[in-house]
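Two forms, one chain: they're shown below as structure tokens, one block per form, named structure 1 and structure 2.
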Structure 1
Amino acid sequence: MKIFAAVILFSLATIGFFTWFSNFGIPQVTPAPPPKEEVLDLGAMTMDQFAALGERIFNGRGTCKLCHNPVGGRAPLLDKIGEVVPTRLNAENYKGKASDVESYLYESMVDSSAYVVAGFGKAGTNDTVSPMPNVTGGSIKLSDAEIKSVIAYLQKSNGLEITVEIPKDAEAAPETDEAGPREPFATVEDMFTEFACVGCHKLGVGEEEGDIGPDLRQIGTLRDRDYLRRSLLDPNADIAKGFEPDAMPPDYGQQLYAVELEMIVDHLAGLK
């Protein structure tokens, strides 16, 4: 019996040690909760919900906010559509086929060069080519239903009558957030383009790079890795001299995987 007790005690102590180590020997990270499941059930949606979906797309996956914001000045603001659109449609240099606000907005998203707002064209094209991407393609890939929801949002936020109809066909795909996590990017260059860093920073990877944010081509001489990581995770923690706070998107911490974040930090730290 004594042996039995000794063996039991020994085993319990072993288990106790493993338990202790797992609870206190390593940091207890609470894993992120499962992502919210947003199924686009268009049939059951009210117009308000549809417009709210459009707003989320505008601020999020559609990347519209990246350019159309008051800080950067990269693109015209979309807050006076009701006044502006009729003048666009009548303008001489209008090459599109739109006839009303709804069709103009639609056209702007899929064929933005049909009309280029003065002063916003691609450099050197004399305002004939728009820098705005076709939002049905590339990495944005909005579906028809999603484009319509953005139109609903723009009409609503401009105080206009909402003219789009909620598509009824089942083909309207669920919001792709839900399609599971994306694959991580393999190179820093891809990320700089995909996450639109080059839209605001000079990084030496493309031909046209923006100057809304500081030139980063030699950032490694100025900043260390901790600083760089922080400026991505929490851009307002330190504001670069001569720039305004709140300009750089604050949510890269959510968008980037940590490997990616580290690749970027490594890369920036090496730019000397």
Structure 2
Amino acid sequence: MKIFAAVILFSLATIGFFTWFSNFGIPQVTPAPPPKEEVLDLGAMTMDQFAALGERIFNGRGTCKLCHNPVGGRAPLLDKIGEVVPTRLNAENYKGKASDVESYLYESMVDSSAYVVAGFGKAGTNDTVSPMPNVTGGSIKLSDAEIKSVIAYLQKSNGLEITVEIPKDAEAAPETDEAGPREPFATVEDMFTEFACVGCHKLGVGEEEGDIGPDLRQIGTLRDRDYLRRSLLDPNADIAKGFEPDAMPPDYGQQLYAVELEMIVDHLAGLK
């Protein structure tokens, strides 16, 4: 009886310790709020300011530079669009409705499979499907005005005439000091959608999935939980063979709650 009582007391003490540690011993991490839409005072903007906004989006929230750069070779370079766009519009495999540089660039950001540059399509599609996500969805969520500002930046940086007009009827985003804490994601699938994970990885959750990053459909048989967690928190710590560094955003540790991070780790560990 004494042994039984001792076991019960030890079990209760152990449970109590882990309950205390999980609530007070582990630092409470509040993720950074998602990127806020640029505060746009469109009525007061000059075209130079509009193009400068597009440059900030291109290099930052739009994540364009992660793929459109000369190092990784994951997407076509955009330094000669004035030369290549007319050729692409007349190509046999062009499936879009654009008629000039401006409309082509807009179309390429919302329907990237309308034209796929040779060698840059998803594997197995014979360059008929682009891995680039629609920039109006996922974690990017650019507004119509923001897309047009990126076009203005690309036209200006290529030495072309800026043909876009600054939208005057778009409402400016409300100016706030700081976004409040968001509600936690309910499912792993919600997180995959929000952060556009399938734009780069195969995860077995849909038909159109990317191949810019490693195929994760059986990652649970290849890597342990510590590796998976480290890959999310510090994606450059271990680069999979055949892939380039700096392809994955490095701030998921700030964007995710601890419980959300563990949900993803659990899911990936179970992909066998």
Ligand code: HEC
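Source: prediction; values computed, not measured. Residues are numbered by position in structure 1's sequence, first residue being 1. Take the two forms, superpose them, and find the largest set of C-alpha atoms that agree within 1.5 Å; that set is the rigid core.
- Two forms of the same chain are shown on their own. Structure 1 is the form predicted together with the ligand.
- Once you line up the core between structures 1 and 2, the Cα of Asp190 ends up 2 Å or more from where it was.
- Superposed on the core, the two forms differ at Cys200: its CA moves 2 Å or more between structures 1 and 2.
- With the core superposed, Leu53 shows a C-alpha displacement below 2 Å between structures 1 and 2.
- Once the core is aligned between structures 1 and 2, the alpha carbon position of Ile219 differs by 13.7 Å; this is the C-alpha shift at that site.
- Per-residue C-alpha deviation between structures 1 and 2, core superposed: Pro249, 7.4 Å.
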